[in-house]
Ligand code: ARG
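First, one chain by itself: the form predicted alone, in structure tokens.
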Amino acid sequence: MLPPPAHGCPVSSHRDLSAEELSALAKEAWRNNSRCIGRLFWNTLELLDARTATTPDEIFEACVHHLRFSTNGGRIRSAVTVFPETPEGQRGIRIHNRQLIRYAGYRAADGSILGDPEQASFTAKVIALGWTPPRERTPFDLLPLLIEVSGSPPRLYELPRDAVLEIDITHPDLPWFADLRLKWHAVPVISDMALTGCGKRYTAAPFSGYYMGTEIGSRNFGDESRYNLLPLIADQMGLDRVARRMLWKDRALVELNTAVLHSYREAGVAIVDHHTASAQFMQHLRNEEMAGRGVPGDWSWLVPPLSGSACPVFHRYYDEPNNGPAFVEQET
């Protein structure tokens, strides 16, 4: 049985949760996540209980285990690793990376960035703390983990290569795509949010599912503030980028997303397209309605960044977030 929202939780905040209770808490937190379109499968979330891990080395090993467990040879498993509870008023364990796997962004003197601009500040931070980037820098250099435990300075850890599955991006109809040497990783693992509920706060609780294609093709690759690949793709396609009415961005975006979905499926790595994910979310709405529950939702996050109005999630609004268990942002 799932615990009710935190304001009526029967679990005493003065005792530790059992593994079963903690699993139920994390599942409900996923179910309450207003930004997630993949909540149809909230009850499949698997708990990796790491509450005995207290040192940076132990925390790092648990993070690596999470990556290997979730990757599962491409048959992605949704999982959450929960580290020790943080007592009230204390800072607790922190994983400073936004996700366990992210690529470096190197800012040059002229302001240009090699790699992921979103990670430029974090990249500068870990370099200042002692991280040595590869001798030949690329747009896809794996960042180290930055782990902090109370009372000690943060420590850096390089991810083992065999814990990170990466996919080379090709296109089913455009051979030149392979020459762009694009790639992305198999598993998204949010690692800087806190899990809260039932009077508990876990400041380190990395959680993961599998990608929706637009997260990579439209946002990570397509956003101007990220890899900004649409002009390059359009030029390779021979599109006119002078006139906006030619919809060159839209046409490039479709092919970029097609390449991502094709590449993951060719590699045997789980991924979902935005039309399927939207249909699944509508099923989740029906399931929750039958269970007598509302569905919190952030419209701006649930509507895919490609062909939004062609997806059923576009054509309705959603409930406000509730006060139950949740994954919440926290200051680093």
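Numbers for residues come from their place in the sequence shown, where the first is 1. Just so it is clear, the model here is predicted, and its values are computed rather than measured.
Not on display, but discussed next: the form predicted together with the ligand.
Against the ligand in the predicted complex, the set Q99, E215 and N220 is in full contact: each member has a heavy atom within 4.5 Å. Interface membership of Y210, defined by any non-hydrogen atom within 4.5 Å of the ligand in the predicted complex, is confirmed.
The closest heavy atom approach of P188 to the ligand in the predicted complex falls within 4.5 Å. Between 89-97, 121-129, 229-237, 188-196, the stretch whose residues reach within 4.5 angstroms of the ligand in the predicted complex through a non-hydrogen atom is 188-196.
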